[in-house]
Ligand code: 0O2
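Only one chain is shown below, in structure tokens, and it's the form predicted on its own.
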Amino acid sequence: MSFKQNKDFKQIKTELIRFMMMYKFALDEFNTKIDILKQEFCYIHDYNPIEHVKSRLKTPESIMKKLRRKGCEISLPSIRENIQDIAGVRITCSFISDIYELSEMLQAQKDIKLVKCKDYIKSPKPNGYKSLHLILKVPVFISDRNEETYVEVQIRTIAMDFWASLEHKIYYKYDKGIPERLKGELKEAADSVAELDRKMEGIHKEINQLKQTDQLEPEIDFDDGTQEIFINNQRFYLPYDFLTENFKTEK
């Protein structure tokens, strides 16, 4: 290899490393945001909607295959513009409502830009696949510039993730050529998962309503200092001094 060829090779290698590192840095940046939300939910709120978080980078081989399938030019600018899922994050939540609440929280962050949203929960794929897909632009700050980098975020329930993971394994085991009968059974399984999610969402909402009605809330103030309160839908009359002494906040 000549000196010029060696120099060109090193330059290409450096560009490739820098290119892929931007996506790794974007994943690190996004995962930090998710970790902050998780800690806030744990320490401040009484409920954490995030069950699991998994991230991955596409391999160069996978990127090349996708470029060829899309009929795109094989170059770094072409990859940057046409392949938006090089950096991917999958978040599993407990309930369907958690998915949309988390999505709103992420989009509300000022340095994140929503590029595209595909709601496969409200409009599932024909095979029954459900998930909320977001393409976001996440800023990456490096020594010489700030670059917005694509990150694909998939948010789904535990049940949706269970079905999607097994469906993916089955398709690849049979090289995507499974019989129509089995496709039908997979669709039925997806419908069962959707029904389970609907039932669990209903239970979740009812529990929240019960928690709200069971809270200690003063209703009426009396002239003699007595207060009327309700605990578990039962009426009690307690002196005001009792409430202030037993429920005051420590500083």
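None of the values given here were measured: they were computed from a predicted structure. All residue numbers are counted from 1 along the displayed sequence.
Omitted here: the form predicted in complex with this ligand. The next part is about that form.
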query	finding
Answer range among 104 to 112, 73 to 81, 137 to 145, 120 to 128 for contact with this ligand, defined in the model of the complex as heavy atoms within 4.5 Å	120 to 128
Heavy atom distance at most 4.5 Å to this ligand in the model of the complex, all of 116, 154 and 168	yes
In the model of the complex, residue 164 touching this ligand (heavy atom, 4.5 Å)	yes
4.5 Å heavy atom contact, residue 38 and this ligand in the model of the complex	no
Exercise: residue 204 in contact with this ligand in the model of the complex, heavy atom 4.5 Å	no
This ligand contact in the model of the complex: residue 66, any heavy atom under 4.5 Å	yes
Contacts with this ligand in the model of the complex - residues in 36 to 65 whose heavy atoms fall within 4.5 Å	56, 58
